[in-house]
Structures are given as C-alpha cells and as structure tokens.
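The chain below stands alone and is given in structure tokens; this is the form predicted alone.
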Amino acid sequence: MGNIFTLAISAIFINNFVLTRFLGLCPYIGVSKKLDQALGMGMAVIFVMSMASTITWMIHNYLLIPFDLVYLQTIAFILTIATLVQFVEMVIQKMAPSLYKSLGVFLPLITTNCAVLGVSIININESLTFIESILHGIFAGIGFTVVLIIMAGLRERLDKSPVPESMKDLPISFILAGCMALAFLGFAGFNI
C-alpha cells in the first residue's frame, strides 16, 4: 500500500508530466481556457494514459521482448495510443457532442501528446510491474488533469482581471505556467 501511495504522490505532484517533465504542453496551454474543457480533456487523458499503460506494457512484455522486436517499441506504442484516441474520440462525439466541439483539434492531438507516450516508455524504462504501470498511468493522468484544471481556473480569473493588453492570453499564460512549475518544483524536495 505504501508503494501505491508513493507512486501516486510522485506521479501527481513530484514528477508531474506537465510541470516537471514538460510533456503535454500543447493541450495544457490550448485547452486550459475554460474549466469544463479542461475537465473533459483531463478525463480523456486519464483514460488514454491508463489504457495505454496497460496495453503497451503487455505489448512490450508479451510481444516485443519474446520475439526480439524491442526496436519497434516506439512505433508499436504510437499505434496503440492512436487507436485508443480514435476510440475515445468516437465515444465523446457520440456521448457528449458539445464537449467534442469545444475540445476541437485538441482531442485528436492526444495521439501525439508526448505525455501519453512518455508514461508508456517510463513504465518500461523503470521496470514497473503490470499493476504499477496501470496505476502510474492513472496517477500521471490525474496529475495532468490537476494542473490543467488549476491553469483553467487561473486563466478564467485572469480574463476578468485588469491585465495589460500586451500581456493578455498567451503571454500571461506562459508566466502562469512558469509560476506553477516553480510551485510544483517545491514538491521535489519531499522524501517519501
């Protein structure tokens, strides 16, 4: 149980994919304008990261290693992630058309989201077990969602604040992202 807690705290706060590893910045900046969009994207990323962690671990351990095809790891992982994202896109389009429209181009971009590929590769490189890989994918997705929601909340508040015209939208967003990264960097000193 302690190992699960350590994995959760590490993936969500200490080694957050967006703020400490700088993976997945496109949706982080692009979808964090509205809280509902951020939450929808976060849920999609949690699902894709957890499923990608599960499937890529099995592909690596039961297909690539036994047949000595480890050099195809990146290609196999990207194809797996692309398939999962297409599935998520079809489900969201059918179940929540308004969310599908609001996410726009950022939903298919989960396919090329390096955070999703990063979690799969890190699971393999750190020799995580099957269960640890699944949990790491879930916790990494939660960490992604947490920073996406925080950023969306801050950006919604900034839209109502007297920000100088030259700093509106992206410039202030980059400053916010840097401040959030510094704040999360404070977690790096914790010993778990």
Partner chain sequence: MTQIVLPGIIVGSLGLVYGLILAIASKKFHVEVDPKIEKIADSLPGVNCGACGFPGCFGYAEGIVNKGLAINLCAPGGADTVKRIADIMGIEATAKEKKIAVILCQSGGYENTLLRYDYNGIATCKAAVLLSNGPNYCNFGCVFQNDCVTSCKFGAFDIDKNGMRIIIPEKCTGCGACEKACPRNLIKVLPISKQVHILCSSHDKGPEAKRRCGSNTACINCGLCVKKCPVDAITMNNDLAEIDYNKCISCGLCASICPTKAIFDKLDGKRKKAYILEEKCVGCTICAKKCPVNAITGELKQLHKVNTELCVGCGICLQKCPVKAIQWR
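Numbering follows the first chain given and starts at 1. Keep in mind that what you see is a predicted model, and the values were worked out from it rather than measured.
Missing here is the form predicted in complex with its partner chain; even so, the following discussion is about that form.
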inquiry  = Considering non-hydrogen atoms and a 4.5 Å limit, which listed residue (154, 146, 134, 55) is close to its partner chain in the predicted complex?
reply    = 55
inquiry  = Although the partner isn't part of this model, could you tell me whether residue 59 comes within 4.5 Å of its partner chain in the predicted complex, counting any heavy atom of the residue?
reply    = yes
request  = Verify the contact flag for residue 63: yes if a non-hydrogen atom of it lies within 4.5 Å of a non-hydrogen atom of its partner chain in the predicted complex, no if not.
outcome  = yes
ask   = If you check in the predicted complex, is residue 69 within 4.5 Å of its partner chain, heavy atoms only?
value = yes
message = Within 4.5 Å, heavy atoms only: does residue 83 come near its partner chain in the predicted complex?
response = yes
ask   = So in the predicted complex, are 87, 91 and 95 all sitting within 4.5 Å of its partner chain, heavy atoms only?
value = yes
